[in-house]
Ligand code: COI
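Presented as structure tokens, the chain that follows is alone, the form predicted alone.
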């Protein structure tokens, strides 16, 4: 049960909905009318406010800009055939945000505050949830330090914001990925398991180089020896060999993905053998060469299920079958989308339906 909180609301004078091309959304190009803002001051979260989406005001000495104290989450809201708005496992996002906050020396936000603020925001911007097939409302909660002072230390004040964006597909086709054996995104003892802004900054240069070689994404390997596969730039990775679904074990350098957790649970329910363990690069290459690797795919909020069409390693590209009719990836993608769209029964209690205002 979500507690009822006092949330002040300032509505836009004029909506930007008429300017939004819902048939050509792209990803992260349009933004809804309102945002939720909650400040953390004097050791406590202040009154939640919903206000028009727009610029923030701060000084050049804002501590997050200099020392990277910033974390975020990603979720999606779906429109069902009967008009309801549904979100996939938002409580898990609230929990993960708080785990990231602890790692980054930031205050945890009460889950009821997170959920009530999110619910009210979606009720106000209900018309921004797309009805078109393949489109959703992407939800971005994030938090950053707001002290305006130089000095390497945790901020004493923070700002928590949720804004939303109607989006199309993140990947419009199966992806081509490169196994990275030089650059490192995260290491044991680091902040790779937190959804911290700096993790993504660290990926930009190697991703730029990979893109110049014709790849859509990178497969990150361990920072010590580059012998074991960890995750991709925007998603966790899974491989199908026979009746096994194989994925890297969680740790300091692998994000605890909510879609990952759900897909593994479904695989076990459907009778697949699931292995969460160290996955060596050579094991995957040998399986590709022997024709034993039948599927490779990414799982995440933005991508949902993204089939991998080719894997590049040591100057050679290996083709991978994508979305086989009898494969696991296509089955699990359809299940998750149908679940979020309300045409599949929610037997796991994963769906949060936004109450009508």
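In this text the structure is predicted, and so the values were computed from the model without any measurement. Positions refer to the first chain, counted from 1.
There is another form of this protein, the form predicted together with the ligand, and it is not shown here; the text below is about that form.
S.K.: Is the ligand in the model of the complex near all of 74, 170 and 200, within 4.5 Å of a heavy atom of each?
M.R.: Affirmative, all three are within 4.5 Å.
S.K.: Out of the stretches listed (134-142, 275-283, 156-164, 103-111), which one is close to the ligand in the model of the complex, meaning heavy atoms within 4.5 Å?
M.R.: Checking each option against the 4.5 Å cut-off leaves 134-142.
S.K.: Can you tell me if residue 48 lies within 4.5 angstroms of the ligand in the model of the complex, counting non-hydrogen atoms only?
M.R.: Flag for residue 48 set to no.
S.K.: Is residue 300 near the ligand? Define near as a heavy atom within 4.5 Å, in the model of the complex.
M.R.: Result yes; residue 300 sits at the interface with the ligand in the model of the complex.
S.K.: Counting only non-hydrogen atoms and a 4.5 angstroms cut-off, does residue 195 reach the ligand in the model of the complex?
M.R.: Because a heavy atom of residue 195 falls inside 4.5 Å of the ligand in the model of the complex, the answer is yes.
S.K.: Answer for residue 98 alone: is it within 4.5 Å of the ligand in the model of the complex, judged on heavy atom distances?
M.R.: The answer is no: residue 98 has no heavy atom within 4.5 Å of the ligand.
S.K.: Only one of 120, 234, 184, 262 comes within 4.5 Å of the ligand in the model of the complex by heavy atoms, so just point that one out.
M.R.: Exactly one listed residue reaches within 4.5 Å, namely 234.
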